[in-house]
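Okay, here we've got a single chain as structure tokens, the form predicted alone, with questions on binding and movement later.
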């Protein structure tokens, strides 16, 4: 034991040793990435050679008189937002009860939990573009097929996000409601829903943003909206018109993003 008069020597922290396993994992990932790039034909020279393509000259100048015409672009753009709104309301509305069935905290029993997770696994495994192609074939070209495809997409996204939020909720209010003699669903409604509902609204706004972008892509396969206009102009190599449409879409989506972010900050 050191005396009070002896100076206290501070030991320098020991430098952590580099783990061989971590280094091996990093080297394996780098090697596999390099191998994959060679297999798919990725070349670094492409990143600067692509700008010498004469095709870029077709993107300018933008014919704003055509782009801002109501019949050409504005009406299909409004249809895109209509698809996004309808699909968000349907998908998020169905996701509210389904998320409680899929969460471990609020599911009535284990068989319901297993069946709901298996069903949602199948729904999430099928991409929205495939749903759009399938529904376009079934019900015809137009916004109706796009709305149904995005409703399924919204449902899958919301159930995934919201059920995980429910899993992280405080279980004590639910346990207290059940211990007081409440039935399962009223106990969930009073003990869990008030806590997670702000997150549900925030996720619904986020899903609406996703649907706006997705509806443009689905229009390329005939599911309505401004994507169908973009595909038509691409077939005629009118890239100047496509650039104008994309600029217009970017401005509108940016405004919606800012409004959505402000609303989410108030809720969460």
Partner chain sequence: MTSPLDANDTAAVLDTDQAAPRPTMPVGPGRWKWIIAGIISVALVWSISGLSIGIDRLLGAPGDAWGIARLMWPPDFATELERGVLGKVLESVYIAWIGTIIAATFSLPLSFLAASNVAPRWLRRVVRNLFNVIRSVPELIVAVILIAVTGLGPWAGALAIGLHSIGTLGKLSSEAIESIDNGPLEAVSSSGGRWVSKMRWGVLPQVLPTITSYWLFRFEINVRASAVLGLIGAGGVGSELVSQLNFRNFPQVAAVLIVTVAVVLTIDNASSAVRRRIISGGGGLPGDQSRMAILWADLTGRKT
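The shown structure was predicted, so the numbers you read here are calculated from the model rather than taken from an experiment. Residue numbers count along the first chain shown, from 1.
Missing here is the form predicted together with the partner chain; even so, the following discussion is about that form.
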**Prompt:** Would you say all of 172, 255 and 260 touch the partner chain in the predicted complex, counting a heavy atom within 4.5 Å as a touch?
**Reply:** no
**Contact assignment for the partner chain in the predicted complex, among 198, 111, 168, 121, heavy atom within 4.5 Å** = 121
**Asked** Does the 4.5 Å heavy atom contact test between residue 143 and the partner chain in the predicted complex come out positive?
**Response** yes
**Message:** Is it the case that residue 217, even though its partner is missing from this view, gets within 4.5 Å of the partner chain in the predicted complex, heavy atoms only?
**Reply:** yes
**Heavy atom of residue 221 within 4.5 Å of the partner chain in the predicted complex** = yes
**Request:** Considering only heavy atoms, tell me if residue 229 and the partner chain come within 4.5 Å of each other in the predicted complex.
**Result:** no
**Contacts with the partner chain in the predicted complex - residues in 182-215 whose heavy atoms fall within 4.5 Å** = 182, 183, 186, 189, 190, 194, 213
